[in-house]
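Just one chain follows, in the form predicted on its own, and it is written as structure tokens.
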Amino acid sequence: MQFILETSGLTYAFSRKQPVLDNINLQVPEGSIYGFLGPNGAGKTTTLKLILGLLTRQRGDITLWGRSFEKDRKGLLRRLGSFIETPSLYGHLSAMDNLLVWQKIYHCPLENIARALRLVGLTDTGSKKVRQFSFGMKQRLGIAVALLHRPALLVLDEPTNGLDPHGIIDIRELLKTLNREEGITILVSSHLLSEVEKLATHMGIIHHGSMVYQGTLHGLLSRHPHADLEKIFLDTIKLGAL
């Protein structure tokens, strides 16, 4: 199996107290939708920020496509799309004008804008200002920004957080389409068990900064054939390992 992203011994602390992350060995298979699951405060966002270079690595290694992130940061980031926590958008601009700003930053072709808007279903927003968008539309525009330079790997931090049920379904189906039809590998963090179960092909469970499971969703469920995912998840983080 070929891994598009791997971390080895990734450890991070904000102070001399208990590490936020302790020896995280993440393996994201190429072509997968990898659900990074854990309670709030488990270390998901910190892990993603380290992978994207938003935090300075303290200990451990990060490789993408078999290449060291530390040695080829700029080159590898060109192949990544992401948004962490909330998308960075200009409320006084339209969706297209927001993407025009990012197109200049990415130095990518202008035609990528129409493609990104089409992929996320925002082609009909016209001159409507982003401040008038619903929260779900803003999340989709954030994903459009992440897709603008046609990345091979998409990293999303809680993209359905705060959405109503309809919005959650929209984002879920969008991510499935991007993976299936565009061939994009997706790493998505979540604390919503039901969403990970409906979306992910592979998953990792993190608790108190430690990985307590990594593998396919089918593999996790098959070990406990008579239990639902909620019970499996609670048992897994309680025991610390399967």
Partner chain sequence: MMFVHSFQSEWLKKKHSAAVALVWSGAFFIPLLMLIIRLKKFKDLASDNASPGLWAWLYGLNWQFMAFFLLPLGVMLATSLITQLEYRNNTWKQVHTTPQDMSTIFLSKLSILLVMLVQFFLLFNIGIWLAGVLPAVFKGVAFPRASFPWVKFLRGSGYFFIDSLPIVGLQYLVSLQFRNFLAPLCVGIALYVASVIAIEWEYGYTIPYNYSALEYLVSIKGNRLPSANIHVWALVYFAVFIILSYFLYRTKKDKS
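Throughout, rigid core stands for the largest set of C-alpha atoms superposing within 1.5 Å between the two forms. Positions refer to the first chain, counted from 1. This is a predicted model, so every value here is computed, not measured.
The same protein also exists as the form predicted in complex with the partner chain; that form is not shown, yet it is the one meant from here on.
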Just one of 163, 89, 137, 152 has a heavy atom within 4.5 angstroms of the partner chain in the predicted bound form, so which one? 89
Mind checking whether each of 188, 213 and 234 has a heavy atom within 4.5 Å of the partner chain in the predicted bound form? no
With a 4.5 Å heavy atom cut-off, would you call residue 71 a contact of the partner chain in the predicted bound form? no
Classify residue 208 as contacting or not contacting the partner chain in the predicted bound form by the rule of any non-hydrogen atom within 4.5 angstroms, answering yes or no. no
Counting only non-hydrogen atoms and a 4.5 angstroms cut-off, does residue 105 reach the partner chain in the predicted bound form? yes
Would residue 54 count as a contact of the partner chain in the predicted bound form, using a 4.5 angstroms cut-off between non-hydrogen atoms? yes
Given a 4.5 Å distance limit between heavy atoms, list every residue of 120 to 154 close to the partner chain in the predicted bound form, or none if there are none. 129, 145
Rigid-core frame, C-alpha of residue 79, shift of 2 angstroms or more between the shown form and the other one: no
